[in-house]
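One chain comes next, on its own, written as structure tokens: the form predicted alone.
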Amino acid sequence: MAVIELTQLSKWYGEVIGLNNVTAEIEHGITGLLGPNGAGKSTLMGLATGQLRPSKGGIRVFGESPWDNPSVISRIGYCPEGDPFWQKLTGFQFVVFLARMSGLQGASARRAAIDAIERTGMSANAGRAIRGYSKGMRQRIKIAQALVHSPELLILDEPFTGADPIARHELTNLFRELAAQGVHILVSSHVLHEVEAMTREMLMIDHGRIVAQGDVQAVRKSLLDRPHVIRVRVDQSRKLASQLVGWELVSGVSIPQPDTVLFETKSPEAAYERLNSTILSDGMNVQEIAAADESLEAVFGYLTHRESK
């Protein structure tokens, strides 16, 4: 059974459409939820956490509707994009309060709060008032409250916003650790390389519709209208580039760095085969041959640009 199932799901706000007839399944592990601002990511998360009711169609989490369903909501940890804090509370008081809201009581709530705060690297600042926290510290304490009741599903809306590089690295490791322990994670983020460090599985939304789902490399290969970009690091870059220009299957060549050649082709398999033969016959010294546009950022750019035309 999929963790989250969307069936012809739509949500609108008056005349504004948040999601438009979306059908998809979000499986176990970590899934990146991607899309431009206003694409429908937060709407989907609001529906999955039971904060919003579908206008049409259905959403099921762990096989049940999350709307007005405490038994499902209790299994979800949610880190919102905004800062819904009581500013006078300390970080510890805030997490304890949310622990109690999730059903933990007394010493159990305090122990769970201490553990969650420690996991997010906030122990040294837990006694400070939230109003004095930096943006990165606020993100960490929000993640702590999402973890405090040991949820089976963690839904994270832009968890890296305001976090410095060290915090991003530590949080990425935490999410990967949680996934290895069996926690399912749906994470939206504009920090695409951080999502890519956690997972290759993605669900991409644009204008309220799903434009791609699955493994990043498989999605890239399905974009037949986009030439593939291949990067070659070689000692004779100009010589290689001059040969590539004459190939019918190559549509563009550039030398962005002295030891690097980039070329575009719509026939990558044939290009790789001919490239290998050329390099061997000419005795070139090659350090790398790789796809230059199979990253999450490149696929994200291709899809959102294509769909917004």
Partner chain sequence: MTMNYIFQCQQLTKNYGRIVALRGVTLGVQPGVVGLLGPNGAGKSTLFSVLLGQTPASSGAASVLGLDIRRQQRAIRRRVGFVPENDCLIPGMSGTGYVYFAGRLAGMSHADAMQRTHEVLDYVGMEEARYRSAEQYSTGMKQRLKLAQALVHDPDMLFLDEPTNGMDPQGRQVMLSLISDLGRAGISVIMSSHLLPDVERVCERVVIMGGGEVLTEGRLEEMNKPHPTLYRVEFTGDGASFHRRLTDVSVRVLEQAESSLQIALPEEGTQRLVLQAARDSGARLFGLHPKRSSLEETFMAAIQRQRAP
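Positions refer to the first chain, counted from 1. Keep in mind it's a predicted model, so treat the numbers as computed, not measured. In this text, the rigid core denotes the largest set of C-alpha atoms whose superposition between the two forms falls within 1.5 Å.
The following text describes the form predicted together with its partner chain, which does not appear among the structures shown.
Annotated contact segment (heavy atom within 4.5 Å of its partner chain in the predicted bound form): 272 to 280, selected among 272 to 280, 22 to 30, 246 to 254, 56 to 64. Proximity to its partner chain in the predicted bound form holds for all of K135, P165 and E297, with the criterion being a heavy atom within 4.5 Å. Contact annotation: L192 falls within 4.5 Å of its partner chain in the predicted bound form, judged by heavy atom distances. In the predicted bound form, its partner chain sits beyond 4.5 Å of every heavy atom of R238. Although the partner is absent here, R111 lies well away from its partner chain in the predicted bound form, with no heavy atom inside 4.5 Å.
Contact check for S123: no non-hydrogen atom falls within 4.5 Å of its partner chain in the predicted bound form. If you take 36 to 58 and check each residue for a heavy atom within 4.5 Å of its partner chain in the predicted bound form, you get P36, N37, in sequence order. With the core held fixed, the Cα of E288 is displaced between the shown form and the other one by 2 Å or more. In the core-superposed comparison between the shown form and the other one, the C-alpha atom of S65 has shifted by less than 2 angstroms.
When the rigid core is held fixed, the Cα atom of D259 travels 2 angstroms or more between the shown form and the other one.
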